[in-house]
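Here you get one chain, nothing else, as structure tokens; it is the form predicted on its own.
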């Protein structure tokens, strides 16, 4: 196994690419009782058009298949449900679908190997029938309707609609009631056989393990499958600029909620540069409207902001954007203040003392992520899906200078690429 180390925080990881193409990442955490395993496939909501590696057939699938498939993987031919089986063992088990991957996981202190048996059995043995697929459509349709009635989700989807015209990032992860009505067992098996090949999967385990022993335990539970060729994913042409500046809805909220976005047209493919850029953006967001920023203090004291806004930079090979979201009686004022401080920083530069203080805070946040086995494992999986080594966030930290961050500010925080989504109180 390849051993990688982060000397600054005294953490290590072991990485092995198996003969079938699957990547296994083991992060030992000695003297911890908790253990965490997560098995992911590089198949998310944006992967709705692709060329199958073996047949070279171009396939279009309905929106929401990755999420639908995740739901169906637990059902077994004998009528049992693997999620119930894992829970009965006392394990905290779950699964989720994102824009670019699907994952199956559990956390435990006891019964790890019984859970490993079940996890590796159900993920490798799909069971789809006309009857159980039709039944699931009703369940997921209710889930879709529930999310559509959730103000925070509507806010987020409207913000994506403002930023993107055709990019599949703006597709709801669960699809629509109409799109899932077109899903069949044949579509699910086709996607399973394409995307759940070991060569498209990553398994991460974190806890008090001896790396070679747990690797052999994983390998012994894998069924034989040959590594397939690359899955060619087909996406719309990259978009420059935004779709629209503003979108609002009215819903049952106590105060208006807002999401202010900056679409980043400069999507990068160099993983080390992406990490540096990501660190810079997190520093900038905290300087602009974080808890210690001047405008947050002003807006909070005036009653325009109730809490520190959520701030995030979402990115993959096909999209990148910043989102700042929160609750305010006057969202326009929040946007105006953010624009003011961004322009001020562009004109005057960042203050060295403020920059260094926030940079240290961000470093502390990164180090804190290594306290829990679940945080570590999910982080390594999500980063690996983007070909990023998670330790780079610690290793590249020192390379993020004030000058570099000022350049990122100019390149990313562009007024022309700024949007706002608002959910107002229903009258």
Partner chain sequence: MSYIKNEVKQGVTIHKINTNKFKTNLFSVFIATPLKRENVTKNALIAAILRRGSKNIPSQDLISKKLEEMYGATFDCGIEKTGDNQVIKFYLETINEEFLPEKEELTKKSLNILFDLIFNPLIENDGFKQEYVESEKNNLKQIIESKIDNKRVYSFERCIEEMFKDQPYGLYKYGYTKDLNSITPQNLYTHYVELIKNSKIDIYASGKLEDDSIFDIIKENEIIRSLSQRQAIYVQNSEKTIKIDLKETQVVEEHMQVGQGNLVLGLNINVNGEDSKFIISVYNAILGGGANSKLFQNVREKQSLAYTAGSTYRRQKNVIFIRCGIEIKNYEKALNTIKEQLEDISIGKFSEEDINNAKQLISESIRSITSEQDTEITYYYGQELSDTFISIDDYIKKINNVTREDIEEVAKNISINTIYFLRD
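Fair warning: this is a prediction, and the values are worked out from it, not measured in the lab. Positions refer to the first chain, counted from 1.
Here the subject shifts to the form predicted together with the partner chain, a form of this protein not shown in this document.
Visitor: Spell it out for me: taking the partner chain in the model of the complex, does every residue among 9, 253 and 360 have a heavy atom no farther than 4.5 Å from it?
Guide: Yes.
Visitor: How about residue 370: is it within 4.5 Å of the partner chain in the model of the complex, going by heavy atoms?
Guide: Looking in the model of the complex, residue contacts with the partner chain include residue 370, since a heavy atom lies within 4.5 Å.
Visitor: Decide whether residue 77 counts as a contact residue for the partner chain in the model of the complex under a heavy atom distance cut-off of 4.5 Å.
Guide: No, residue 77 stays farther than 4.5 Å from the partner chain in the model of the complex.
Visitor: Against the partner chain in the model of the complex, would residue 249 count as a contact residue? Criterion: heavy atoms within 4.5 Å.
Guide: Residue-level check for residue 249: no, no contact with the partner chain.
Visitor: Just checking whether residue 3 would be counted as a contact of the partner chain in the model of the complex - the rule being heavy atoms within 4.5 angstroms.
Guide: So residue 3 does not count as contacting the partner chain.
Visitor: Can you tell me which of 270-278, 342-350, 235-243, 138-146 lies within 4.5 Å of the partner chain in the model of the complex, counting heavy atoms only?
Guide: In the other structure, the partner sits against 138-146.
Visitor: Which one of 130, 150, 186, 210 is close to the partner chain in the model of the complex, taking close to mean a heavy atom within 4.5 Å?
Guide: Exactly one listed residue reaches within 4.5 Å, namely 150.
Visitor: Using a 4.5 Å heavy atom cut-off, which residue among 222, 231, 177, 87 comes into contact with the partner chain in the model of the complex?
Guide: It is 87 that has a heavy atom within 4.5 Å of the partner.
Visitor: Across 404-427, which residues bring a heavy atom to within 4.5 Å of the partner chain in the model of the complex?
Guide: Read in sequence order, the lone residue that approaches the partner chain (within 4.5 Å, in the model of the complex) is 426.
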